[in-house]
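To begin, one chain is listed below as structure tokens, in the form predicted alone.
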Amino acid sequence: MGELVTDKHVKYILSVEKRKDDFESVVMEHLRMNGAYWGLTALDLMGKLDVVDVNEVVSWVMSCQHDSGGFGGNVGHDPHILYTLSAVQVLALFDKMDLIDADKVTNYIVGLQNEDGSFSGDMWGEVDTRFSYIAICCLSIIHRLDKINVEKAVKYIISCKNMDGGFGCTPGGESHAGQIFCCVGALALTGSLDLVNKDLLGWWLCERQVKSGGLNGRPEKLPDVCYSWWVLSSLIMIDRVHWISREKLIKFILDCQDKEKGGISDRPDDAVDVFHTYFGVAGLSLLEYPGLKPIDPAYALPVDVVNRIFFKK
């Protein structure tokens, strides 16, 4: 079994934020809020969140909020439900939930629910089950889940279920591991997992493990470290994680590390990025890899952060 080069990954994550002009930084300009969530959560899972300047990050996050209540992916960018959840998650990591105007954020998300129960991502109206999960997760974190029509939201998600047990991004859409996480996560957070055929879905998900030990997102696709999160968290939520080889998957993730410069890539020997670094570390956390904090499979936040959100006196 290889070893997680934690210190190198910490250095890599911090370096991404400092390099403003290189390719990775430029292509992530519009989704820096997601990047912050990925990098900071990975740091927290490795027990290294204290290397970050909290005030600097928090003030930047708050500067991305709009009058509508939604957050943009960066300063001056339009608000979107994707970035709104990441902003709330980052504030939760730092125990700065008191800075969130919960009513404002709630009104923004409530305004994105459609008549059929689905959610749009922003004012332009794209519908996707990702946005259903994000709305439910975000409102749950700020204790406002009762403000949307949960029953309709669940009904819409179930309408995206396929004969193979999986879920697509809209009704009739192909089953995909990323969408399955969103749908299963949303159902878990609303107490509706009884509506899932766990054996059928578990079978589809465990079939995603290929010979190398890695997981793919759909049949006949290459394995990718990010599915160590999407597939694994779904299997944990439906209690079927024992259907895949834990040891093989750990080896695959560790093989995707850049052991000299830090960071994790999608597959061995590819270029690393902060997205796959987070999902690699999060996957290892779900696999109970030694030295990592446990992560909650539905909220995608460290368990101690989730406990603080819901049980803080």
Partner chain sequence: MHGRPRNALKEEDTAALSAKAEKLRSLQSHFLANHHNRIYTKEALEGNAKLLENNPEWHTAWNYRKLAVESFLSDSHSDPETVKSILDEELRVVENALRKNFKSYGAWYHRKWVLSKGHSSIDKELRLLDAFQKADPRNFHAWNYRRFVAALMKRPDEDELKYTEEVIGANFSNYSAWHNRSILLSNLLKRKAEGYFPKENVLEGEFELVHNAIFTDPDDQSGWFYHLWLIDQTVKIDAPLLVSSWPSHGFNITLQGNKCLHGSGLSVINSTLPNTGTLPIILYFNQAVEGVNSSTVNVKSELLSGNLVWKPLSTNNSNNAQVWVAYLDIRNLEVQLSKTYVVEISLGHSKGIVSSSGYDYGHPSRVTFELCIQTAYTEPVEQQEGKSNSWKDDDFQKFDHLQESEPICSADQVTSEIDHIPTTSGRCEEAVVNEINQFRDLLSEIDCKIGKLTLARLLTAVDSLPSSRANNMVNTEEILQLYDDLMRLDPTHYLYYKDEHSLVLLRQITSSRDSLLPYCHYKKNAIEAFAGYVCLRLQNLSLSRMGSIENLLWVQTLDLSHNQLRSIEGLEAMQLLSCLNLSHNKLGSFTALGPLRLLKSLKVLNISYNEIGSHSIDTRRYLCSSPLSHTEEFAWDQFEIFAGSIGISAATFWEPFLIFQSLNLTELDIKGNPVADENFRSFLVKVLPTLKWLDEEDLS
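Residue numbers count along the first chain shown, from 1. Note that the coordinates shown come from a computational prediction; the quantities given were computed from them, not determined experimentally.
Although not depicted, the form predicted together with the partner chain is the subject of the following passage.
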{"query": "is_contact(S68, the partner chain) in the predicted bound form, heavy atom dist at most 4.5 Å", "finding": "no"}
{"query": "Non-hydrogen atom contact D266 with the partner chain in the predicted bound form at 4.5 angstroms", "finding": "yes"}
{"query": "Exercise: I238 in contact with the partner chain in the predicted bound form, heavy atom 4.5 Å", "finding": "yes"}
{"query": "Proximity of M46 to the partner chain in the predicted bound form, heavy atoms at 4.5 Å", "finding": "no"}
{"query": "Single option in Q113, Q89, T106, N162 placed near the partner chain in the predicted bound form, where near means a heavy atom within 4.5 Å", "finding": "N162"}
{"query": "Contacting member of V154, L189, C138, A102, with respect to the partner chain in the predicted bound form [4.5 Å, heavy atom]", "finding": "L189"}
{"query": "Site test, D7, D95 and Y133 vs the partner chain in the predicted bound form, non-hydrogen atom cutoff 4.5 Å", "finding": "no"}
{"query": "Within 187 to 204, the residues that have a heavy atom no more than 4.5 Å from the partner chain in the predicted bound form", "finding": "A188, L189, T190, G191, S192, L193, D194, L195, K198, D199, L200, W203, W204"}
